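Take a look at this single chain in C-alpha cells; it is the form predicted on its own.
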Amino acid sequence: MTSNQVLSEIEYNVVGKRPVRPDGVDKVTGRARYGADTNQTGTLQAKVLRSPFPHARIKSINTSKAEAFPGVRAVITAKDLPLASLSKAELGNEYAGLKAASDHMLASDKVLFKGHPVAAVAAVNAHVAESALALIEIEYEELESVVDVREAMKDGAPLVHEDLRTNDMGVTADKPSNVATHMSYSTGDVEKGFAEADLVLEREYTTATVHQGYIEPHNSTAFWNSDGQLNIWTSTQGTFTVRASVANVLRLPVSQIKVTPMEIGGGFGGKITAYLDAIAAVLSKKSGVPVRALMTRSEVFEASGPAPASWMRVKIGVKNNGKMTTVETDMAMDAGAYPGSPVMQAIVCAFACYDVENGKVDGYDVVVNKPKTAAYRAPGSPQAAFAVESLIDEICGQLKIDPIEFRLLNAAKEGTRRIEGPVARRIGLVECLEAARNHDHYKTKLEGANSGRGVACGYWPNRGFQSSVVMTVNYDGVVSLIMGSVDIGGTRASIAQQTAETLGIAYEDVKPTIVDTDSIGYTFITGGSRTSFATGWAAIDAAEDVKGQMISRAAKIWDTSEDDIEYVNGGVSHKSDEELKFSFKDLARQLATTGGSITGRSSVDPTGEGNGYAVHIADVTVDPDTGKTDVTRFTAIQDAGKAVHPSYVEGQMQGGAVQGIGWALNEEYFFDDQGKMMNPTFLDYRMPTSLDLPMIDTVIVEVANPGHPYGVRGVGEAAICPPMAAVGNAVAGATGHRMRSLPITPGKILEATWENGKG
C-alpha cells in the first residue's frame, strides 16, 4: 500500500491540482511520435562502426570496399569532419575543445573507449549498412587502458591523453596526467574543528559506473538540404543544446540548423549529449537524402554517457552531544574519455544538508578509458550523499544518537552558509526531517530477523537558466502555449497550470505545444530541476503580458483609461462601474474587431530557483545464507516548495527512489581486465523491476520558495540523492557490516560476513 501525503502551505485554483496530462491520450493510444518514428521520404539507414578496444591508436582506415558495396550511399570517417582540414594555428584557443568534440563524434587518431565511433555508413537499409561496416578495414595499435579512477590518478598510469595537464586551482601542471582538474573550497578552521571534536571518524567509499537506464535508445534523423539548411529530428532533453553541439562540430552558424524535438522515452540527464546528430548530418550531406541513425541497446551502454564511478574519503568531527564541529572530503570521479565529470557538483552537495562552521572539500576530475560520462539526475550528488550519510550513520551508532535527531541538530536552515559560499534562503530540510520523524514508517517498530532501517538526507541546488514562451489568445478564449522545453516528466501540464493560474482561466483552456528551434527563443535543457521553475516563470511572465493587453482592449471597447480597469479572476472589469466587465472568453470574442490577436511573450533567465532537500527511510531484510537484500518498505519525503501537479511530483520522488535502490544494490558497469564492459544488455545490467520493490510511500512537504511567484522548487533530482545511503545504512543495521562500496551485492555481503567470522 502506498501512502501519498501533501503537507501544504498555500492553496491555488489550478496550481496544486491533478489535471489530466495534455499528451496522455496520444501516448496511451500509440499515436505519439518518438524519434524512431521519424521517416522522411527516401530516408537511408545509418550504422556506426565502433572500436573493439578501450584504448588504441588508429594507424589506418580503408573504406573502399564498404563504399563499393551495393546499396551503400555514403561512408564517413573523421576525415569528413571540418577538424580534419583545420590546423591548430587556424583554430587557436578553440583547437582543444573542437578536437575533443569532433573526436567524440568520430575518432581521428586514437580510440579512447570500447564503442568509440570510428566510421559510419548510410545504406538503403540497416542490414546493408551492417554488412558494409564489416568491410571497413582498420589497423589498430592497441594501448594499455585504465578504467579505475584510483589507478588512473597514480603516477605512471596509462595516459588517456598525452597532452592533458592538471589544472590545479588555476595552475597548470608541468607534466601530463589523467587528472584534468583539482578544485577546492574551505571555510573556517578545519584543524581547530577536529581538535575540538570528541569523536573523529574517517572512511573511504567507492561507487561503480551506472547507466540512466532509459527505455528508448538514442536516435537522430538528419536532412542536409541542397540549400544548406540542416534539419534534425531527435529525442533530446535540449534542442538548442543539440543545435549548438552540431554547429560546433560541423562549423556551421546555428541559424543554418533547425532541431525538432520528438517525444522522449526517458532521459534522466542521459539525453542531453548529442551522439548521432552530426554523424547523421554528414551522411545526409554526402548522400543528398535524409539519414536516420539508431543505437542498439549495447551501443547505448557502451557508447553513451553513464554516471561516473567514484572514490571518496570523508572525515567528520563531532561533539559527544552530536554537534558537528568540522567536515572534510576528497572526492575523485571519472569523467570517462574526456574531462567533465560532475565532481564539482559532488563536493558542493556533499555537506549541503548541514550547518557546520568548519569544512574543506576537494574534488578531482579524472579521465579514464570509458565512455564520456553524462548527467544522471543530480549528477555527483548521489555518490557524495552515499559517502557522507553513511559516515553520519556510523557516527550516530557510536554516539547512540537517533539518526533523525542527529540530523535535526545539524540541519541546514535559512541563513546557513555552505562551504563554497552561498547562503540559504528559506528551505525545507528541517520540515522534511520532522515529517520523517513523525511518519508512521519511522514510528513503527522494525520486526523480523536480519532486518534493518536506514535514514539519509539528500540535496540538489536546482537550476534556473534561460527559457522562452509565447502564448496566443484565440478568438474562442483558448490560449495556445508555445514553449521550447522538452517534456519528460509532465512539464506540459505544470507549465499550462501556471499559465491558467496566472490568467485565472480553466486548465483545459490552455493548449501547450513544444516546438523546434526556429519557432521559439533560446531555451535551456530540460534538466537540472529547472523546467517547471524557469519555463513556468516565463509562462507567468507571458501571461502577465496577456493580461495587460486584455486590459488595453477593454479600455478601447469602453473608451476609457486603462488605469480605470483591473484584471481579476480571469476577466476584466471597470473599477467604478460594476456593469462594465468581461469574462476572458467574452473579451476574446471581440479581439478580431479591436485590433486582432493578442500574443504574450517572455524570455527569462530567472534566479532564485531554491534548493531541493529530501529525506528517505528504508527498511531491508538480508538473507544470511545468500546475501540477497530485499527492500521491504520505503518512504520518500521531499520539499517541493509548491507541488504544481502533485501526482507528477510523487512520480518523480518514486522514480528517483527506485533508481537509487538499483544503484545501491544491483547496478554497475562490469569490466574485464582489458577494460571492456561485459554486461551491456538489460539481461546482465540488473535494473530493479516492480517485482523487486515495495510500493514507495511519498510525503510532499511544501515550504514555499521565495524565489518563485507560486513558491515552486525543482523536484526531479533531490529524490535520487538519499536512497543509496538509506539502503546502505539499513543493510548495516540488518547485518552488522558497514558496506562502503556500491553496489551492495550478495557476494559483498557474504564476503563481509566470512571476514568477520560469522559465515
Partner chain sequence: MATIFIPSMLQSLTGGAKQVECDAGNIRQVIERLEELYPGIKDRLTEDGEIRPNLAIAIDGDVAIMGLLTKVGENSEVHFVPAIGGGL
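From a predicted model like this one, the values you see are computed outputs, not experimental measurements. Positions refer to the first chain, counted from 1.
As for the form predicted together with its partner chain, it is not shown, yet the points below apply to it.
Within 4.5 Å of any heavy atom of its partner chain in the predicted bound form lies no heavy atom of G548. Among residues of the shown chain, V348 is one whose heavy atoms approach its partner chain to within 4.5 Å in the predicted bound form. Residue contact check for R417: one or more of its heavy atoms lie within 4.5 Å of its partner chain in the predicted bound form. Interface residue remark: N167 is counted as part of the site for its partner chain in the predicted bound form, having a heavy atom within 4.5 Å. Stretch-level contact check against its partner chain in the predicted bound form with heavy atoms at 4.5 Å: of 115-123, 274-282, 387-395, 457-465, the positive one is 457-465. Of the candidates L86, V200, M344, A506, M344 is the one whose heavy atoms come within 4.5 Å of its partner chain in the predicted bound form; the others do not. Taking A101, A435, M183, L591 one by one, only a single residue has any non-hydrogen atom within 4.5 Å of its partner chain in the predicted bound form, and it is M183. Candidate site formed by F524, G528 and D605: every one of these residues places a non-hydrogen atom within 4.5 angstroms of its partner chain in the predicted bound form. Looking at 421-460, the residues that come within 4.5 Å of its partner chain in the predicted bound form, counting any heavy atom, are G421, P422, V423, R425, W460.
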